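What follows is a single chain, given as structure tokens, in the form predicted on its own.
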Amino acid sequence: MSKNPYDRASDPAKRHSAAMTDGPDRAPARAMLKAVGFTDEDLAKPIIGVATTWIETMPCNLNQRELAEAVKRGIRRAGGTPMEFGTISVSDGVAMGTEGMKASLISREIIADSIELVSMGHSFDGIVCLTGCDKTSPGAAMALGRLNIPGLVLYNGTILPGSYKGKDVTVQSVFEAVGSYNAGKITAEELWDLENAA
């Protein structure tokens, strides 16, 4: 049995990440990863990226940090090592009607590019993408189409409705109420109350 620690065998499923983690020439990379908290055992397993589009500008993606923890537990149970990273997101609902709306469609390309770049740059063996809105889901799917690694896009679920006057209300209800307010059909106070409930 060799006493050379670099002779230690890696999982054969490390089809990509072995180039990043294996052998004495990769000691600097391993040192960086160990500084983050990964162990030799972690680095001998397939490395699976966990991409989130978490952002604090909208409720669509707000639960992804919690969901990423569950995804990472599942990856560990399956014999892999998860590495989480984030990408951008732009809320149509927040940006609509402002200059910010010009950023919405192009954000899809940046999401795809950033997931692809991080996955390629860190030699991931697989990727799981958590998405939650109409630009993050196609952006993640586009990235998977470009990468030659196994991957999944998981939708984190729809925003739960609020309740106003005994009815479920969403941001769509608020958009409609703006029209009603501008037409003089509801008061500013009613619009405000709906905004706070939705």
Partner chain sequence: MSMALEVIGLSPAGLNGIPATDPDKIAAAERSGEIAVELVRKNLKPRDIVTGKALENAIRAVGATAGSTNAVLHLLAIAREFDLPLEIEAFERLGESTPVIGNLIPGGSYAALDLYKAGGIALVLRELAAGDLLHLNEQGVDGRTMGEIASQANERAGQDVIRPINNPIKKTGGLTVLRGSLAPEGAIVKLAGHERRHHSGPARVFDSEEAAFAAIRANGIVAGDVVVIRYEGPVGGPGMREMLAVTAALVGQGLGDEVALITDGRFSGATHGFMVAHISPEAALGGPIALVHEGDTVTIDVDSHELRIEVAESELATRRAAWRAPAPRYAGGVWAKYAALVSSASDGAITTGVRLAKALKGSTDR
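Numbering follows the first chain given and starts at 1. Every value quoted in this text rests on a predicted model; they were computed, and no experiment measured them.
Beyond the structure shown, there is the form predicted in complex with the partner chain, which is absent from this document and is the topic of what follows.
Every residue of the trio D92, G97 and S104 has some heavy atom no more than 4.5 Å from the partner chain in the predicted complex. Though the partner is left out of this view, A19 does not reach within 4.5 Å of the partner chain in the predicted complex, counting heavy atoms only. Put simply, Y164 is far from the partner chain in the predicted complex: not one heavy atom of it is within 4.5 Å. Among residues of the shown chain, A183 is one whose heavy atoms approach the partner chain to within 4.5 Å in the predicted complex. When the partner chain is considered in the predicted complex, M58 lies well away from it, no heavy atom lying within 4.5 Å. Residues R77, A78, G79, G80, D92 are the members of 76-92 with a non-hydrogen atom no more than 4.5 angstroms from the partner chain in the predicted complex.
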